[in-house]
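Next up: a single chain in structure tokens, the form predicted alone.
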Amino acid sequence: MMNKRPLFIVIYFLLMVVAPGAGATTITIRDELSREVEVSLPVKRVVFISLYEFIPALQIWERVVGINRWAFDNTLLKRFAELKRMPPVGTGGEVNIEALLALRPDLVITWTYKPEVVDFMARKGLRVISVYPESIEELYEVLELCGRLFKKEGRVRKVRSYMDRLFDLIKFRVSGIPAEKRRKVLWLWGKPTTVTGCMGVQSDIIKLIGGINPAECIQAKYSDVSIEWIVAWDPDVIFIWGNARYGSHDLIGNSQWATIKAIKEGRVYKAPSWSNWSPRLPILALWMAKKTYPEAFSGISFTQLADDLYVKCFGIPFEGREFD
């Protein structure tokens, strides 16, 4: 995999060499596809094809003129009345270009996994930046980027402090676990034999919660492996991606998995469907940490801490059914 320069570092460097224009500041952003895009600040009309959970966190509903159609199924966003007035613009893989052009956005924020779609939007005259945070650090960098784009730097500092507070609690609670008692934690993706390797947000979370990723030897975000490998790794705890079309019962009832410690002890858990890039990430990490080391989190109320972050970040209470 090609080494990537951290996104925000690149943006910061370019800011040093771009002079403000009349009445506005113009910056040049080098995105995750190494495209350089000029953007006038502050952005007043934006379409979120990705990162749409940043909208309530940064309190920028009034700037949003369009959104990914998947946002209407998002457990967080659909609790906001503002979502109902948002026109859908398709998805990151299949955009409605006519709808996009009609909205006249200053900027479109999208994913990287379909570069040809990004290029297509740019050829139509849209300013588009692509993002794909591959670590917790990069998630923070993209959060800082959005703070700059929308002149919400102060709000970003607050959101980051709320996230850090929960991350720091987790790290403190697991810091006293000796090396020989660290548990092997495996994260599975769309197929039960697709595992997280040494890269990506999920890999970072496993490290943060004090787990040992037996697939750390794989130099990739994820990779297909044989069931024999998973049996040999013998993980203590297994987590399943929230959008996978199978659940813990499918693994526990499978004879091929029967000898694995996590299966025998019933320590197989399916994450909520939003378990990717969001200011909600510390809640996912806390849930994983409590499932992995319940003894280290005695006296800690998951619901109370999750509710605290929800109220401070999004202004709404936490709904625990997402983790049922």
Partner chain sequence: MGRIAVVPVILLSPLFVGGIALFLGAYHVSSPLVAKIMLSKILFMDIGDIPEKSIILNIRLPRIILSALVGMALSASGVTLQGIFRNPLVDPFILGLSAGAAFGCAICVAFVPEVPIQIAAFAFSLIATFITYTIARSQGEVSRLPLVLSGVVVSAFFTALVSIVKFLVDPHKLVSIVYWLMGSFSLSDWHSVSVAAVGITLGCLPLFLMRWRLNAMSMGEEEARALGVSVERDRLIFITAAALAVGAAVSVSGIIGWVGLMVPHLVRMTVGPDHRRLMPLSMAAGAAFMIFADTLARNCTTFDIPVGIITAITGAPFFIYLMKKGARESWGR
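Numbering follows the first chain given and starts at 1. These numbers come from a predicted model, not from an experiment.
Beyond what is shown, the protein has a form predicted together with its partner chain; the following relates to that form.
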Exercise for the section: Answer with yes or no whether Thr193 is in contact with its partner chain in the model of the complex, where contact means some heavy atom within 4.5 Å. Expected result: yes
Handout entry: Val201, heavy atom within 4.5 angstroms of its partner chain in the model of the complex
Key = no
Exercise for the section: Indicate whether Phe72 is a 4.5 Å heavy atom neighbour of its partner chain in the model of the complex. Expected result: no
Handout entry: 4.5 Å heavy atom contact, Asn243 to its partner chain in the model of the complex
Key = yes
Handout entry: Site test, Thr26, Thr28 and Phe167 vs its partner chain in the model of the complex, non-hydrogen atom cutoff 4.5 Å
Key = no
Handout entry: Answer range among 143-151, 180-188, 250-258, 99-107 for contact with its partner chain, defined in the model of the complex as heavy atoms within 4.5 Å
Key = 250-258
Handout entry: Position in contact with its partner chain when the complex is considered in the model of the complex, options Val237, Ile218, Val174, Val117, heavy atoms within 4.5 Å
Key = Ile218
Completion exercise
Taking its partner chain in the model of the complex and a 4.5 Å non-hydrogen atom cutoff, the residues of 207-228 making contact are Ile218, Ser223, Asp224, Val225, Ser226, Ile227, Glu228
